[in-house]
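Starting off, we have a lone chain in the form predicted alone, written out as C-alpha cells.
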C-alpha cells in the first residue's frame, strides 16, 4: 500500500477478486546462468524470478474486467510483471488493519509461486516524508518513534525474513524513499528539521541496513530522490557527503549497500531521447530553461544517477566500485499520442524544450497522480551501464494521494493526510513555480486503487503493451 509524494526543489530546498494462481515468469533476462540463491550476488536481478504480489494482481484483474476490448487485454498484461511490496507501516509487516496479508504472507506466496526473489520497500521512518502531507507515517520522533522503528518495525521484519524457509529467496529492499534527500533540501520544514537535528533519519537508515543486511539473502538499495530534486550542485554535493556519512555508520561498512535507486514513484524519464542538457538553442543551453530545468545539471535520471554513483565511489568513505543502480520505470513512459517523435525545429528555447521533452508534466515539481503519464520500460536486468535493473517499485494504478480531503472512515481507514499537490484545481506554490498541479481528479487516498489513473497509465504506456509480450 504505497504512499508516495515527490518534491521538486532547486537550491532552497528546490520537491474484490481472488487472485489467480500465478506461474513464475523469468523477467530478468540475461545470458548469464542463474546463480545459487545462497551466494552473495553482485546483481540479484540476474537469473531472478520475482514474486508478483497476489493482491496487486487481483486489483489489476478486477480493473481489466471493468474495461473491454484491447484496453482490457493490455491491462491484463500488466499483471505479468512484478511490483515491489510496500512495508509502509507496522501493520503491513504483521498483517491486519486493512492489509490483506503481512510480510510472512507475501513471502509464503512467493514460495508458492516458485519465485526466487521478492522486492520490498522499507518505508516507515519516524517523521516519514517530513515535507509531505499525503504520505506522513505512523511514527513520530517526539513520541519514541526511532525506538519503535527499530524494535516494532525493523526487528519485526528481520525476525520474519531470517526464518530458514525463506533462505532461498533473494530479498531486494528499497530503503526509505524520500528520507535522506529531505535532509538536504527541506530543513526549513519543522518535521524535517527535527529529523535532521535528532539524527533520526540517518540513524534509522543505518539501523535498517545494518540489521536487515546481516541476513545473507538480502540486498539493499538506498533511495536517492531524482534528478529534478537533487540535480543542482547546491543539493548534489551535500547529498554525496550525507550518503557517505550514512554508509560509514552502517555496521559492517558501506559494502552492505548494494546500490542506489532513483525516481521511486516519480515520473522522470531515464533519458531525453531528442535533446541534451547543454545543447544550444537560440544561444542558450537546454538546461537553462526557466521554470523547467532552471540550470539543473541533469535533465534525466541516467545522467543524475550515474554522476551520483561516480561521486560516491571516489574519495573518502567511497562506496564499492561494484555498487549498482536501479530506476523505477513504473510511470515514466510518457507514451500515447502526445509523445514527441523527434526534436522540435524551433529556435526559441522554451518552444523547443516543451515540444521536445517526453516529460509532459506542467512543471517538474508536480508529483501527484499526473495527468498524461504512462507505464514505462518493463522490469529487466542489466538495462544499461552500471544499472542492475529497471524495476516497478510503485505499483501502477495505486494513488499518490487524494484529490480532496477524505475524513477517516471506510474510504480512508488509516487516516491518510491530504496534500494539495494531488488536487487538480490547486494552483501550486513556490516548489512548483506556482503552476497548476497537473493531478487527475477524483483520486482516492494514497495507496488505494485509482481506476482512472490505471486506464491512462496503460493507454499511455511506452512501449505500448502488445499481445504475446512476456
Ligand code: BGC
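Residue numbers count along the first chain shown, from 1. Just so it is clear, the model here is predicted, and its values are computed rather than measured.
FYI, the form predicted in complex with this ligand isn't displayed, but the following is about it.
Across the options 424 to 432, 441 to 449, 60 to 68, 44 to 52, residues that bring heavy atoms within 4.5 Å of this ligand in the model of the complex belong to 441 to 449. For the chain shown alone, residue 135 is a contact residue for this ligand in the model of the complex, at least one non-hydrogen atom being within 4.5 angstroms. Although the partner is absent here, residue 123 sits close enough that one of its heavy atoms falls within 4.5 Å of this ligand in the model of the complex.
With a 4.5 Å cutoff on heavy atoms, residue 398 counts as touching this ligand in the model of the complex. This ligand in the model of the complex is not approached by residue 301, whose heavy atoms all lie more than 4.5 angstroms from it. Remark: all three candidate residues (86, 394 and 416) come within 4.5 Å of this ligand in the model of the complex, counting heavy atoms only.
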